[in-house]
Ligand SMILES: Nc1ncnc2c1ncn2[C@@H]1O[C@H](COP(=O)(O)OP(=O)(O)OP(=O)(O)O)[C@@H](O)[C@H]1O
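A single chain, nothing else alongside it, follows as structure tokens in the form predicted on its own.
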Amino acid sequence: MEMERRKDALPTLPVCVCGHSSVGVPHTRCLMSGSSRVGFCLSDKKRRRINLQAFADFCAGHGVEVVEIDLTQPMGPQGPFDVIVHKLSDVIVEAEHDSHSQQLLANFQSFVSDNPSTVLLDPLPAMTQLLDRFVSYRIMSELHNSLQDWHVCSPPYLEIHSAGDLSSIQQAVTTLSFPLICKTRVAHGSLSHEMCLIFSGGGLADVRAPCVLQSFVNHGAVLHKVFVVGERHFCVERPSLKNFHPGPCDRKTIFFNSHQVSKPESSSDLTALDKQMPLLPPPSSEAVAALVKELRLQLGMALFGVDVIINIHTHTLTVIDINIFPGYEGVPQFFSALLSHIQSVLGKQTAVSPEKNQTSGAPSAAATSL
């Protein structure tokens, strides 16, 4: 990944919810006559994380103009856009209880509806489903059927909708095996990384609903993050939780932050393996390709990540989470892959509608094949 440029290379401007300048005109990165226009609607954190400034410069040399969309301003004057790349997770989650976010989301949806020739990466309904682990885990649980020839699976899990009484939860988890990993239902924001390992029925008192309880699978402390960009995908190895003795025990619940544990430079007792632990084989490239193809079909998305592990006993490729528009850390080809996918989308758009900005007969933003 290209190194992030100096922060003082960007002008200091007021920032809205989506991390864009709150002035009355769109903040364009390059002004090339007749170029394709790609709008980006990202939080300030996300914009810095993928280094949007550097990506805009990269695109400028390939006839693509990158525009930062300001959701606090009318989107019409900021357009037109051939493609909009976004991650509106913050706005979608906050819209459940915040009227301002509801209005921002409504304005965005209205613009998309009024501009059917603009391709959306990715469709809002597809992204919204991945914000709910109840939904994404149901999708994951079906993979063993669609990908049985590749021996792909996901761990058994249980949806906990409300806290209820401890005895009812203890009875429900009899279909799972300890230790259990507990994750929040909402798969977005800093709290979504706060997890815990539960080692016995008594430890279920630490459950905070709504959440999912997932059987922990020993995997040799290695996490494989699969980053998807359209037709391409990249596999990056990260540290992960160490192996634990299977079955219930009197160990106290371990609380941890998954983002901290799986950082490339992470080093802690939770990721330390016994030196006698043999190295596991890497994931089968064919199985990963089949997994990505199936998930692209199931999700209708082009920009997402999949967390997979290798079961130390069966060597089965095990899917443990799906992520919306991840950070792509450790993928030096991200810029070229993203631009290539955008160009592919633009090519399909042109094939359907040769006249630039023509709306009649153009693919719908929500229905375009990605």
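Throughout, we count residues from 1 along the sequence that is shown. Treat the numbers as computed from the prediction; the structure is a model and nothing was measured.
Not pictured, yet referred to below: the form predicted in complex with the named molecule.
*Asks:* Even though the named molecule is not shown here, does P155 get within 4.5 Å of it in the predicted bound form, heavy atoms only?
*Replies:* Because a heavy atom of P155 falls inside 4.5 Å of the named molecule in the predicted bound form, the answer is yes.
*Asks:* Would you classify F199 as touching the named molecule in the predicted bound form, given a 4.5 Å non-hydrogen atom cut-off?
*Replies:* Looking in the predicted bound form, residue contacts with the named molecule do not include F199, since no heavy atom lies within 4.5 Å.
*Asks:* Using the partner position in the predicted bound form, report whether L241 sits within 4.5 Å of the named molecule, counting heavy atoms only.
*Replies:* Contact check for L241: yes, within 4.5 Å of the named molecule in the predicted bound form.
*Asks:* I'd like to check something about K183: if you look in the predicted bound form, is any of its heavy atoms closer than or equal to 4.5 Å to a heavy atom of the named molecule?
*Replies:* Yes.
*Asks:* With the named molecule left out here, work out from 221-229, 103-111, 247-255, 68-76 which stretch has heavy atoms within 4.5 Å of it in the predicted bound form.
*Replies:* Every other range fails; the passing one is 221-229.
*Asks:* Contact check in the predicted bound form: R133, M195 and Q214 versus the named molecule, with a cutoff of 4.5 Å between any heavy atoms. Do all three pass?
*Replies:* Checking in the predicted bound form: R133, M195 and Q214 are all within 4.5 Å of the named molecule.
*Asks:* If you check I342, A302, C41, I309 against the named molecule in the predicted bound form, which one has a heavy atom within 4.5 Å?
*Replies:* When the named molecule is considered in the predicted bound form, the option within 4.5 Å is I309.
*Asks:* Tell me, which of K293, R138, H259, H144 has a heavy atom within 4.5 angstroms of the named molecule in the predicted bound form?
*Replies:* The residue from K293, R138, H259, H144 that makes the contact is H259.
*Asks:* If you apply a 4.5 angstroms heavy atom cut-off, which residues in 303-341 are near the named molecule in the predicted bound form?
*Replies:* D307, I309, I320, D321, N323 sit within 4.5 Å of the partner.
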